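Form predicted on its own, single chain, as structure tokens, below.
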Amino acid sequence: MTDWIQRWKDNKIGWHRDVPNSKLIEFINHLQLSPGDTVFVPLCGKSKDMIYLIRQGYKVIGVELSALAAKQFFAENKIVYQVTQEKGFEVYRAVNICIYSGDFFQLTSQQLSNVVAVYDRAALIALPAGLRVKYVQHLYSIIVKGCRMLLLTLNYPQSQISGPPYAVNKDEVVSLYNDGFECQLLQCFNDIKNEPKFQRSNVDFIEKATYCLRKY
């Protein structure tokens, strides 16, 4: 995981976007949120999606390995924050948002006790296959029963281009979340026309999928 810290230091963050993700905007109603609800964003980076969630009237808890990413988030969005130390994390807090800088796998259910929804745009697909299993198991252990999740994935011929982001198809999503989650595929389509990086590598296709899950 130290590779991710280096990527932030080198500003090699091609996954970051300066606008909220269109699929979050399109499918956020599936999370069935009420004003003031708290949304957990794993491996959050400095995502503008967090700003979108706050502006919709929700609170956000993020976790991010790179402290630099957390600092950039607050600086670029001109948000005044405070930093404290908490159980192995450097915690960045401001009005309606808290980012834990540290290891996702060290988060506890107590730290996420108020979370009613999860938004995963770039966490699962950022992890190699072995870690994806561990990620889902730990996520299940720290969120409450009934918690809903919006999950965005990519699928493409992994043999034609290396990750991250890694290819995760529907069968793997169903397998990963089969034990403990209800899973609904909301949308899946080939978007190769909007992915010049994949076009340059002559990748045959890149499917973008959105799922709604619920822990039972």
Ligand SMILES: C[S@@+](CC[C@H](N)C(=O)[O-])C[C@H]1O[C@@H](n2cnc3c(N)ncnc32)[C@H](O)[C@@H]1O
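If you're wondering where the values come from, they're calculated on a predicted model, not measured in any experiment. Don't overthink the numbering: it's just position in the shown sequence, from 1.
The form predicted together with the ligand exists for this protein as well; it is not shown, and the discussion that follows is about that form.
S.K.: I have Trp8, Ala122 and Ala126 flagged as a candidate spot, so tell me whether each of them has a non-hydrogen atom within 4.5 Å of the ligand in the predicted complex.
M.R.: Yes: Trp8, Ala122 and Ala126 each sit within 4.5 Å of the ligand in the predicted complex.
S.K.: I'd like to know if Glu76 sits close to the ligand in the predicted complex, meaning any non-hydrogen atom pair within 4.5 angstroms.
M.R.: Close contact is absent here: in the predicted complex, Glu76 is far from the ligand, nothing within 4.5 Å, heavy atoms only.
S.K.: Using a 4.5 angstroms cut-off on non-hydrogen atoms, would Glu86 count as touching the ligand in the predicted complex?
M.R.: Outside the cut-off, so no.
S.K.: Evaluate Phe104 for contact with the ligand in the predicted complex, applying a 4.5 angstroms cut-off between non-hydrogen atoms, and reply yes or no.
M.R.: Phe104: yes, in contact with the ligand in the predicted complex.
S.K.: Taking the ligand as it sits in the predicted complex, is Leu65 near enough to touch it, meaning that at least one heavy atom pair lies within 4.5 angstroms?
M.R.: So Leu65 counts as contacting the ligand.
S.K.: So which of Cys44, Val173, Ile61, Met149 reaches within 4.5 angstroms of the ligand in the predicted complex, heavy atom to heavy atom?
M.R.: Contact check passes for Cys44.
S.K.: Specify the contacting stretch among 90-98, 114-122, 76-84, 139-147, defined as having any heavy atom within 4.5 Å of the ligand in the predicted complex.
M.R.: Going by heavy atoms within 4.5 Å, the stretch is 114-122.
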